[in-house]
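As a starting point, one isolated chain is supplied in C-alpha cells, in the form predicted on its own.
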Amino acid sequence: MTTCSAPGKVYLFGEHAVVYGEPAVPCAVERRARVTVEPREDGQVRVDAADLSLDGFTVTWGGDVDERPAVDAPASLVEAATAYIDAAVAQARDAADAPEAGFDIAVESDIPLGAGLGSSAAVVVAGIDAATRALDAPLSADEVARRAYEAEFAVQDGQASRADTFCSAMGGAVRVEGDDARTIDAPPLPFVVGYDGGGGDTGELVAGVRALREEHGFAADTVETVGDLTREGERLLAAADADSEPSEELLSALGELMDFDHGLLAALGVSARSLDAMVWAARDAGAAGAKLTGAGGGGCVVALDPTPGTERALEFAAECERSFRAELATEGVRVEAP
C-alpha cells in the first residue's frame, strides 16, 4: 500500500491566457489531495473517492476503468469525479509497462472539487505517483508532471495547460508558458481564499473563452493583455527577496495587478456574481488585491492580505461558504506512507 499527496494551487496571474501560450504564475498551497493505492492481482480497479462529493452524493465505483457509478446526477459531474482518476490509472499502467495492473484506490482531499484550486491536478499527480510506486516503477517529479498533464489534456479534450499539474508536482511558485515550465522564487505571500461552495465546468469555460476569442478581436487582445500583466508580475517577484516576508510595496504592486487580472477575466466571461462579490468584500476589507482563481464560473477567489481583515470579511459575506488562509506549499508531490 502506497500513499502519496500533492498540493492544490492558486493562480497569482494568467489562468485562461496560458491555454494560448501566454505565461501564467500559479502557486502551490497547503491544501492536499492524498491517494492511496494497493495493487490487485485480478486486474480490476476499485475506487473509493468519498471526498469527491458533488451535489450531495458520494462517488464510488468499481470493476474496470470503463465502468461508471450508477448515480442520479448530471453526466458532467460524474465525469468530473471519475475521468481524472481513470486517466491517472492509464498513465501509471503505461509508465510501469503493466497494462493489466489492477488497483484498490482511495482518494481523500482537502481541496474543493471544481473550485479553481487544482483539485483534479492534485488527484492525478498524487495518483500517478502512488500507483507507479506501488508497481515498483517510481517516477521523477518532472515525469509525474508530464504524465499528469497528458492525463488532463486527454480529459479536457486538448484544452489543458501544463500549469496546474506542473505546479502540483513541483510545489512552490512556478512559471508556465507553452511547453516551458519551471519553478521560480517567490516570498511567502499571504494568500487568503474565499470559496462560494460551488464550481464551474472547466471544459465549458475554456471553450467559451475560445469561442469569444475567435469571434472578437478585442477578446484576443484581452488574452494577450493578461499575458503582459503576468510578465509584469514575474518582474516584481524576481526583484523580491524570496527568503523574507513580502514588503507592503510588493504586496500593493502585486495586488494592483491581481485587480486588473480579475477585471480582464470578467470581461472574458469567466467570473460569476458570487466571485465578484467576494473579490469586492476582500478589497473593501483592505486586501492588497483580489481575483478569481482557476477556470471561474464559481468556486474560489484569492486575495493578498497579511492581516485577519480579509478572512474575517469573507466569513461574513453572504456569497462565501468558507474562507481560509493558504500557505505557500514549498513541497510538491510526496510520499506519505510506503
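Start at 1 with the first residue shown and count on from there. These numbers were taken from a predicted model, which means no experiment stands behind them.
Absent from the display: the form predicted in complex with a small molecule. The rest refers to it.
Site annotation in the predicted bound form: the residue of 287, 278, 35, 295 reaching within 4.5 Å of the small molecule with a heavy atom is 295. Only one of 25, 18, 320, 326 comes within 4.5 Å of the small molecule in the predicted bound form through a heavy atom, and that residue is 18. Not displayed here, the small molecule is approached by residue 202 to within 4.5 Å at the level of heavy atoms in the predicted bound form. Interface residue remark: residue 132 is not counted as part of the site for the small molecule in the predicted bound form, having no heavy atom within 4.5 Å.
Looking at residue 160, you'd find a heavy atom of it within 4.5 angstroms of the small molecule in the predicted bound form. Using a 4.5 angstroms limit between non-hydrogen atoms, residue 222 is distant from the small molecule in the predicted bound form. In short, of 228-236, 134-142, 181-189, 202-210 it is 202-210 that has heavy atoms within 4.5 Å of the small molecule in the predicted bound form.
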